[in-house]
Every structure is written in structure tokens, then in C-alpha cells.
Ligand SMILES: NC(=O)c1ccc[n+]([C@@H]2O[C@H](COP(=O)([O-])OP(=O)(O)OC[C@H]3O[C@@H](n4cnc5c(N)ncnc54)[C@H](O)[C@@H]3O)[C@@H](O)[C@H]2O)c1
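Only one chain comes next, encoded as C-alpha cells, the form predicted on its own.
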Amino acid sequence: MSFTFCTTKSLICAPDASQNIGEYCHALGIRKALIVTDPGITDIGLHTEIVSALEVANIPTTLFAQVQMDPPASTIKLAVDYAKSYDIDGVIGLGGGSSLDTAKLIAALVNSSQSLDDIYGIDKVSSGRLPLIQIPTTAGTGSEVTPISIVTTEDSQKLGIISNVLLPDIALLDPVLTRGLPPHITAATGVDAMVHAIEAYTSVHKKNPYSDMLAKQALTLMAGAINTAVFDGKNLKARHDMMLGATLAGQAFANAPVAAVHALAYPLGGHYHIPHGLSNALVLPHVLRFNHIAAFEHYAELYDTIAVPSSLPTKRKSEAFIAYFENLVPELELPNRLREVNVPKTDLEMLAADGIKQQRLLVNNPREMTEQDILSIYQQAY
């Protein structure tokens, strides 16, 4: 089997690892850092210890804290202009996937002749980037180890920028930073990460032994921890396992790309600003049911990572795997119907028309989907 596997250069995973941020900046030659985050982080002061650690290390910092969920192109452009107005030589992303994605694009564009509009698509980034450290504060997106940034365009489409240039120098995993996450965010981001593992394992393009290994280990960690992390958020072991699992799943799908769950989730986020993890959770069981006919062998293999391995027939294992996720979403007290998040039933055909446009993702799905198939899945999810 021929394949290529790429990931972040360094992965550091330890409680309170973020307190050593100055040491890591010095190692990368960062003398003035831009911290990229969102108002939710600054409102609770989650950034303050990192700023203090940088001050102790004599590294001046500038803060861009205007990142929005599902970052619109206008915010990315504003952030790049902001960064250009300061003499920064390194970028630190702090937050969920939106902040980490924005940090990647700032690092790539601040000293580049390219604009954001020039780099949509695959391998369009033609220059290097500034040194980049990513510090996730959720256990979900895996953005700290992916070469992908997702941008919401002016017409509510989600477009990807994919380039190995965007892979950061350091992914800094500090589970302490996630202990204050509310249960609903822990649940939604956790399901998102589990989807990454499932879709990487079943991807029809670029699936490989490394991505398979990572996807399986990610699901093992997260299936064992997600309920505790949601309902006992101070449990540091559960937080650690969720954070590491999300990162392993990120490494998996960065190399064996995601598919129909994400394709159908993107229109929900683009039009109604439903958080990405919740958008995935809403369609996940129905996509799994649709894919069962083509992916049951893979689902059966994954079932053994979330349950005690058994001698059940393959199709029974696959059914049990799907049932696990059908039960998990309501068990985590997440909405599990589109009508519960105020999606109008009259919009389902429009959503299906948008979903079929996500061919970058749909081509990876183990079973081909038509626009009518997508509409049917939205109807089942309604």
C-alpha cells in the first residue's frame, strides 16, 4: 500500500503544559507573539495565565480576540490586517476550532503577497508562514494537527483551505484548560471528534494503516471518557482522554479525509450558525444508517473499539455500533432533531441542494449520495 502521512511537527500533552509557553516560543524564535482567540475565552480570563507566562519569558504579546464561530471571511481578513499592523513574528492560536483555524491563516498570510481569496482549495498556499503554536481549549476539532482551515463565505458556504503549510509547529494539549467547559459544549465537541475518527476509518480515499490506528485509539479513549467528561467536568483523566482522543482523530482525518456527516453538517452551520459539533451530531446516526450497506465491515471493526470485543456476526456488530451513536446523542442531552434547533422544515430542500455541493467531502463517503439521498437524511433527522 502506498500512502503519505503528515502531521504537526511536535505534540506536547500534559496538565499545565500551557504554562511553559515561553519556553516553546523561544525554541521557535518567537520574540513578539500574536494570540488569536475569541471573546468567550477572554470573558472568562482563560488567556491570562498564558499572557503572564509569556511576560515572564520576556515575550511581548498582542491579542486578537474577535474570532467568531464558523469564522466568516470578513473576520479572517480583519485579523490578517490587524496582525500586519504589529511587528509580530509568531502566532499562538488559543480556543476552539474557529480560533485555531484563524490562527493558521494569519500565520500564512501576514507576510504573504497572497490574499484569502487566492488560497481556497487544495495546495494553493504558495509561501511559508510564521512560527505557529496551537493550544486547543475544547476536545473536538483536532484543528491543532490538521492542515485545514474552514471559512464561511459571504453567501453562507463553508469553504476549505487545505495545505501542509498550515500544519503548526507545536500542538500544545493541556487538559486543565478544558475543565471549565460547559456540558453541552463538551458533548458536542466530543461527538465531533468521534465523527472524525469514524469518517477517517471509512474514508474511500487515503485511508491508511496510520490513520486506522489513530482512529481506533481515538474512539477507544473517547468512548470511555465522554460521559464522565460531560457530567463530571472536573475529572482530569476524562478531560485528558477526550483531548488526546480528539487530537488522534484529528491526525487521522487530516490524512484520510472526512465525508458525508461533515458534508451535511456544513449547510446547517452556514445557514443557522448551529455549532459544528452539534450539526454533526444531528445527522450522524442517519448517515451511519445510510452507509451501513457499504461500510458494515468497517463499522463492525470500530464496534470492538467502543465495546468489549464479541463474536457477534459482522452485520450485527455494525448495527450495534450505529445504535450506540443513536443512543449517545440524547444520552449526552444534546438535541437530536433539526426541529429542536429551529431549522424550518421548508428549508430542507435548500439544505439538500447545498449539501450536494460538498463534493470535496462526499467523494470520500463509503456510499455514493444523490441530492435525493441527502434530502431523505435531513427528513429523517427532522
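This is a predicted model, so every value here is computed, not measured. Numbers follow the displayed sequence, beginning with 1.
If you look for the form predicted in complex with this ligand, you will not find it shown, but the lines that follow are about it.
Next on the checklist: Pro267 versus this ligand, in the predicted bound form: is there a non-hydrogen atom within 4.5 Å?
Outcome noted: Contact check for Pro267: no, nothing within 4.5 Å of this ligand in the predicted bound form.
- Message: With a cut-off of 4.5 Å between heavy atoms, is Pro257 one of the residues that contacts this ligand in the predicted bound form?
- Response: Residue-level check for Pro257: no, no contact with this ligand.
Looking at the partner-bound form in the predicted bound form, is Leu334 within 4.5 Å of this ligand by any heavy atom? No, Leu334 stays farther than 4.5 Å from this ligand in the predicted bound form.
Touches this ligand in the predicted bound form: Pro182 (any heavy atom, 4.5 Å):
Answer yes; at least one heavy atom of Pro182 falls within 4.5 Å of this ligand in the predicted bound form.
Original post:
Since exactly one of Ser203, Ser98, Ser279, Thr247 fits, which has a heavy atom within 4.5 Å of this ligand in the predicted bound form?
Top reply: By the 4.5 Å criterion, the partner-contacting residue is Ser98.
- Query: Of 212-220, 294-302, 120-128, 136-144, which is the one stretch near this ligand in the predicted bound form, taking non-hydrogen atoms within 4.5 angstroms as near?
  - Reply: It is 136-144 that comes within 4.5 Å of the partner.
Counting heavy atoms only and using a 4.5 Å cut-off, do Ile35, Ala53 and Val56 all touch this ligand in the predicted bound form?
Not a single residue of the candidate spot has a heavy atom within 4.5 Å of this ligand in the predicted bound form.
Practice prompt. Taking this ligand as it sits in the predicted bound form, which residues of 185-199 have a non-hydrogen atom within 4.5 Å of it? Please list them.
Written response: Heavy-atom contacts within 4.5 Å come from Ile185, Thr189, Asp192, His196.
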